[in-house]
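Read the single chain below, which is given as structure tokens and is the form predicted on its own.
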């Protein structure tokens, strides 16, 4: 390979690592995948460091060192995409395609089959309704929770589409859930607002980040673990603040 081809190779490898990290991969999995790809193409003296906010990697090819960085601005859990990219990395290690071919394969994986908005909205509705039943709500509460959770997906999508980050999504979505729940209970459709809101909030809880934080600790990635757990706990506080603030506001109007 020429120097330019090695540069494109490192770019393609880093793009794969970034894709994995943004869709919910564990830190050790991202670092291991990048390392394996570098080794498959004959790279030596590799150094790979990933945390939830960025990835740094360097490797030596044909006596020359190449270093790249990728910043993670926004993440969205997508385990189906993660599975496709993970399989792709194994295929690349085996077949060793050109850098251009890697980018094409990665783009194809990104554009693979996804759930539609309607399907995701129904999944939100089913999840919220089931959690409300789990926490002791009656069927009427589950219906209110399902309706609110289903509409919550569209509110969340709207906020993200207009440039909102995860903090604003958590705050505004939890406030919306509390407001709509209180109005529906006030109208006599639901019975127990607390159980309904708890069920809906479970849809917003960043469980993957919390689990990844614990996994990072288990493999010795203390910094990454602290960042993942810190983000999950902070978002949990924001969710609670959004719901509590809206409940206090509507309560002042006697709802």
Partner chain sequence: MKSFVLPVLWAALSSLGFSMMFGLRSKKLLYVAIGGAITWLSYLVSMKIGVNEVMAYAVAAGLGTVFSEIMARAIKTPVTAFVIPVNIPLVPGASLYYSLLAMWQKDFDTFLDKGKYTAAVACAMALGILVSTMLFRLIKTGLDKRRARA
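None of these values were measured; they are calculated from a predicted model. Residue numbers count along the first chain shown, from 1.
The form predicted together with the partner chain exists for this protein as well; it is not shown, and the discussion that follows is about that form.
If the cut-off is 4.5 angstroms on heavy atoms, which of these, 189, 68, 51, 198, is the one near the partner chain in the predicted complex? That would be 198.
With the partner chain left out of view, choose which of 205, 40, 56, 226 has a non-hydrogen atom within 4.5 angstroms of it in the predicted complex. Here the answer is residue option 205.
Considering only heavy atoms, tell me if residue 14 and the partner chain come within 4.5 Å of each other in the predicted complex. Flag for residue 14 set to no.
Please run the contact check for residue 47 against the partner chain in the predicted complex: heavy atoms, 4.5 angstroms, yes or no? Because no heavy atom of residue 47 falls inside 4.5 Å of the partner chain in the predicted complex, the answer is no.
Is there a heavy atom of residue 90 lying 4.5 Å or less from a heavy atom of the partner chain in the predicted complex? Because a heavy atom of residue 90 falls inside 4.5 Å of the partner chain in the predicted complex, the answer is yes.
Looking at the partner-bound form in the predicted complex, is residue 168 within 4.5 Å of the partner chain by any heavy atom? Residue 168: no contact with the partner chain in the predicted complex.
Partner-facing stretch of 157 to 165, 92 to 100, 114 to 122, 179 to 187, counted where any non-hydrogen atom is within 4.5 angstroms of the partner chain in the predicted complex: Among the candidates, contact is made by 114 to 122.
For the stretch 77 to 99, I need every residue with any heavy atom inside 4.5 Å of the partner chain in the predicted complex, listed N to C. Heavy-atom contacts to the partner chain in the predicted complex: 77, 78, 79, 80, 82, 83, 86, 87, 90.
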